[in-house]
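Next comes just one chain, in structure tokens: the form predicted alone.
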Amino acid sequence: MNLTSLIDSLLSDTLQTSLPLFGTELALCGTIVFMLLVRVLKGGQHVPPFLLAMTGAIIALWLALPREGIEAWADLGRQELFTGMLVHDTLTAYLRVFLLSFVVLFLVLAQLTGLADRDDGQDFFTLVLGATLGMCVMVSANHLLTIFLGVEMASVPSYVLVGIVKGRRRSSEAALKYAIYGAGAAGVMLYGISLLAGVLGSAHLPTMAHELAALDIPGQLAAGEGGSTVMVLALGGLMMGVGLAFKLSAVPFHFWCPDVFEGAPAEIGAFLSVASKAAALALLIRVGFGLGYLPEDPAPSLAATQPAAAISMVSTSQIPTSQVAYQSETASIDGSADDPLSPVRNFFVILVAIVAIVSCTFGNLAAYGQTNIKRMLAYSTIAHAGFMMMAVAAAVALIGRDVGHAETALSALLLYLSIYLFMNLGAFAIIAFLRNAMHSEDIKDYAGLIRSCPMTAVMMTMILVSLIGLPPLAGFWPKLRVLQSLYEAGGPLMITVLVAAGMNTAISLVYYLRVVKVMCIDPPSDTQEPPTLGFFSTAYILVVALPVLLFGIMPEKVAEWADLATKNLF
């Protein structure tokens, strides 16, 4: 195939296959560009930036929703985009809707609290939509360079958002810490990516899985060979894990999280604790499944549909040179010792499980002594990130034995994220509204809140009890399903994780209920004016917090959507 034919085939793939499935990201890009253009045009300062941002976010959300209804996810297959750089499947579709639904609610919150004023609104909304664009790339990443690109696209705007409040020293300090730690983690991650791609000769995740299978790591280890290769792969995996752990605020890369949450506005804390964590968990799933699962019938991509000459000409772009799954005489996806990818899965599962246990335990214990409500929720976020990582470990462990149970574990994680959206967004929204009314974020100043703002106190109590995971509130169901997945994964390690998860649920009860006790039992302070919230603030709290109760009583619909989003992943 000559160069002209190759370019025609690439353009055809881009225009006919990739761009139609990339509409959500294009809508976000278009909104960002339009907002920047409006700002420099004459009279553009009179156009409300909130209106532009909300319109763009709603259009992007509409494009993310399936035209035939959410039930159409059951028939959605895997489709690689842009010559394998991204992938569109049910997980991508679900998490796009998740992220954009959160962004719509978040934009309303920022407008109600006054964080995004008219003067700086374009800057604020552009950064939010830019970070969301990066997160959308993260959830669909199918290539190591796309992973790094998505992480940086999401991280850089977040650094600025943390310090968005001008003239506040603590916010500037938090933004500086976040940027410095993020730059260091990004450098380590990029070096790990270079090691993995250099050893395996590709940065395309399915191709890397084929190369790992072809290395026959179990056979090499049994023969006492290939030790240096395995060591480099393990080192590259650990270094890449540094970047993922940083985004997840997992121990020991959590040190930025409490300071950033305390220094940043509460609204930005909600953005980092929900959207950023969801994208990072999706990336962890992509890496774990991409390198630990070898499909028997991989989805066709451009490389599979072009003549051999074309494939060889574009191999430098990391398009897979073959989409025929590697099949050895002894390889089987059953978790046996003959499975060539079992060492990869075992390494991933052990690493993620240990980090999950330590993160969950440390987060819950460190939250005990906090006096600032945002700092307490920062440690709570670390603990919940650890709990959700447990589901990822169970899912990756199960794909070697039973893909049906692996889908169930992943469904439990998506259910957890869906409920977590309302719990954490509701908690940070209440903190933001009370900050404006009380000019304080200390837990002790919430004393007697049940008398001055009974509706707000009741909603906050409901959210905190749901974060513990107690019935009949929504937080109970995802934790129960994660525990079920750990039990189904079996083995000493998963049972240990299961016990640790149960113990941490009990530990978290104390510091969450301490806040409830201050709000509902302690007498109000004589020096603190009773706060009052306006109609729109109270209405927003009700809209965000009521699903915590409704999904606890009737969890079937959101659980059904989570099941549909994992139906065809394998």
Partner chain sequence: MQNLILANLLTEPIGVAHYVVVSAFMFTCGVLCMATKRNVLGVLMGVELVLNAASINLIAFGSPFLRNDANSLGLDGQLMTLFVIVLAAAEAAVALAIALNFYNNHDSIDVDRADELLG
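Everything numeric in this text was worked out from a predicted model, so none of it was measured. Numbering follows the first chain given and starts at 1.
Below, we refer to the form predicted together with the partner chain, which is not included among the displayed structures.
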Contacting member of T408, S276, T461, Q370, with respect to the partner chain in the model of the complex [4.5 Å, heavy atom]: Q370
Interface residue in the model of the complex among L498, V108, A203, L417, criterion: non-hydrogen atom within 4.5 angstroms of the partner chain: A203
Contact of G77 with the partner chain in the model of the complex (heavy atom, 4.5 Å): no
Close approach of Y487 to the partner chain in the model of the complex, 4.5 Å, heavy atom: no
The partner chain contact at G163 in the model of the complex, heavy atom, 4.5 Å: yes
F387, heavy atom within 4.5 angstroms of the partner chain in the model of the complex: no
Answer range among 449 to 457, 100 to 108, 168 to 176, 472 to 480 for contact with the partner chain, defined in the model of the complex as heavy atoms within 4.5 Å: 168 to 176
Contact check for G184, L195 and G263 against the partner chain in the model of the complex, heavy atom at 4.5 Å: yes
